[in-house]
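What follows is one chain in structure tokens, specifically the form predicted on its own.
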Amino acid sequence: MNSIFLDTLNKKDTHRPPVWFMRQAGRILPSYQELKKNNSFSDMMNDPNLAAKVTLLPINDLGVDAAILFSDILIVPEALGMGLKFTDKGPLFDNPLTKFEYPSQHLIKNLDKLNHVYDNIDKVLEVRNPNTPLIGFCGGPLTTFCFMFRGHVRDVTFNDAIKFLYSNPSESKKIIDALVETSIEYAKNQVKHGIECFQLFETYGGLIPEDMYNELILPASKKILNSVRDLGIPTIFFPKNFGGGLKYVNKDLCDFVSIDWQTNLYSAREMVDKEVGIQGNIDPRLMYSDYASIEKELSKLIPFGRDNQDWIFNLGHGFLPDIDYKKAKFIVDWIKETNWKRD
């Protein structure tokens, strides 16, 4: 495959950084919004033709260098017996773990719930341009754990989950172990069906102290990531709001680490193992600025991009829904047309 994204992951020199965006498959694209008029999120995720179409929309509409599978991190707890539905306001479980005194006893594995994802991967590979790499993913252990305790879509504190983590450490470990086991099976099957890269999304890594995350959660994340690396697929770890915890990220954990916008790229580069590449870390809110201001901020990245071949351009988190997709396209075009002075 002729891919600047995969070349960068494999530490080959390139003339510019590759670019893709988290949450690029929907939200801001008019073509996605048009599909949503007649298809629910579940419809699109469970229909291979629709899922493949949505997965590849950003390649055509934005010109990014990689596609990420259209799916959701919460299908792993769904495969553990939790009833999942996607409402207009967000995902919701009909049996959140707060209902049970010993919730681990109510996790009943049904891996057939994941089969539609593998069908979707097969379809993407069938219809994509052969030089378009596909990124697979799943949710990080802490993030997925937190959602499993959420009883209301508007709850963004996850207080019930964190309280349970502190007050029931033994039971919490059983839940996390179940998540890891299922996530490993899920990730390995994504590889078997043809993904070329795998990202672990720990969106809420900053909900607990970094030392606690390092002790309780990072070993679980490492197991998932290494299960993929053992199959020869490069990995990206995204521990949002991990802050100083980036010092724990080394070559034994992942190949690249994605940096949120709260952390300066140069600071991240100093903290992270030199053998681990960097991804990120643009604040998506930059796209509320005018074009001149966006270009001015992007230009500040040229020295970093010149000196760091192992850098993937991305956001510090996903697109916000009211961002103008034309500004995202402007950023992609700017990255491709800029002289990164790597000669």
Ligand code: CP3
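Since the structure is predicted, the reported quantities are computational estimates derived from the model, not experimental observations. Residue indices: 1-based, along the sequence shown.
One more form of this protein exists, namely the form predicted together with the named molecule; it is left out here, but the text below deals with it.
A.B. asks: Specify the contacting stretch among 262-270, 166-174, 110-118, 89-97, defined as having any heavy atom within 4.5 Å of the named molecule in the model of the complex.
C.D. replies: Selected stretch: 89-97.
A.B. asks: Considering the named molecule in the model of the complex, which of 332, 22, 9, 323 comes within 4.5 Å of it through any heavy atom?
C.D. replies: Partner contact (heavy atom, 4.5 Å) among the options: 22.
A.B. asks: Looking at 213, 149, 201, 186, which has any heavy atom no more than 4.5 Å from the named molecule in the model of the complex?
C.D. replies: Partner contact (heavy atom, 4.5 Å) among the options: 201.
A.B. asks: I'd like to check something about residue 66: if you look in the model of the complex, is any of its heavy atoms closer than or equal to 4.5 Å to a heavy atom of the named molecule?
C.D. replies: No, residue 66 stays farther than 4.5 Å from the named molecule in the model of the complex.
A.B. asks: Consider residue 306 of the chain shown here, and say whether it contacts the named molecule in the model of the complex, taking contact as heavy atoms within 4.5 Å.
C.D. replies: So residue 306 does not count as contacting the named molecule.
A.B. asks: Contact between residue 41 and the named molecule in the model of the complex at 4.5 Å, heavy atoms?
C.D. replies: So residue 41 counts as contacting the named molecule.
A.B. asks: Given that the partner is absent here, does residue 72 sit within 4.5 Å of the named molecule in the model of the complex, heavy atoms only?
C.D. replies: Result yes; residue 72 sits at the interface with the named molecule in the model of the complex.
A.B. asks: Can you confirm whether 32, 36 and 317, the three residues that make up this candidate site, all sit within 4.5 Å of the named molecule in the model of the complex, judged by heavy atoms?
C.D. replies: So, yes: the whole triplet contacts the named molecule.
A.B. asks: Do any residues of 117-142 have a non-hydrogen atom within 4.5 angstroms of the named molecule in the model of the complex? If so, which ones, in sequence order?
C.D. replies: Residue within 4.5 Å: 137, and no other.
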